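Shown here is one chain on its own, the form predicted alone, set out as structure tokens.
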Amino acid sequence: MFTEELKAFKRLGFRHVLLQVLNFASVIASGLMIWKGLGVITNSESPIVVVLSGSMEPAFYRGDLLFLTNPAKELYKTGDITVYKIPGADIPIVHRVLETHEVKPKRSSKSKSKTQDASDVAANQRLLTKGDNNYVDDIELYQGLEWLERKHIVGKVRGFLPYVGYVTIAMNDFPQLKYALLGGLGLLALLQRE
């Protein structure tokens, strides 16, 4: 079945195979650098997420790809769509802000300044969220918290591509597909002649 490919692989030689492996590694490293660069630019640990459930229908459907930013000095408003993570939960949740609450920071006696930096105000903001397709708010999802704190927020939705994320959902639901795809790409990178 793969006899021709194996013969071609043997003819290429060690140096050519090593060059192809290094090219493949540089493509992977470039992708990771772009991902981390996007994270720094958007101030978000995950600048792109996929909607995994129908809790935000009709605004977003399962498989939609969302683009996020998380400006440190910007306050969230009621109606903003946020992505958040609760400690101990690996999967981010996409829901709309239902209510906001600003907590006044406790000032020490050493700090006499009465003016407050915009990032301090944003850091002390608390949020209550709810999925558009859910009947109740998310307090039960917060695992004992009354409000979401700014540290739980991954980002605010700035744009989306419908249904593009189904590829990611398929790869998570069927791990064999993910390994077959990665193996096929690796094989193509090795056998490609420049």
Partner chain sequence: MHSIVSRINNTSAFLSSCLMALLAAIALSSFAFTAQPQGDLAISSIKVVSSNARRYPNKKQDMAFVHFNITADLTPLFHWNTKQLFLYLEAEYANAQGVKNEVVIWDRIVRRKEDAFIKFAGKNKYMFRDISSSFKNVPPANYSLKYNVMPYVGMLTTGEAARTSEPVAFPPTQSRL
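Positions refer to the first chain, counted from 1. Values in this document were obtained by computation on a predicted structure and should not be read as measured data.
Keep in mind that the form predicted together with the partner chain is missing from the display, and what follows is about it.
The partner is absent here; in the model of the complex, the one residue of 167, 38, 28, 161 having a heavy atom within 4.5 Å of the partner chain is 161. Taken together, 61, 128 and 157 are fully in contact with the partner chain in the model of the complex: each brings a heavy atom within 4.5 Å. Heavy atoms of residue 73 never reach within 4.5 Å of the partner chain in the model of the complex, leaving it off the interface. Although the partner is absent here, residue 103 is a contact residue: one of its heavy atoms lies within 4.5 angstroms of the partner chain in the model of the complex. Although the partner is absent here, residue 45 lies well away from the partner chain in the model of the complex, with no heavy atom inside 4.5 Å. When the partner chain is considered in the model of the complex, residue 87 lies well away from it, no heavy atom lying within 4.5 Å. In the model of the complex, 144, 145, 146, 147 are the residues of 141-156 with at least one heavy atom within 4.5 Å of the partner chain, listed from first to last.
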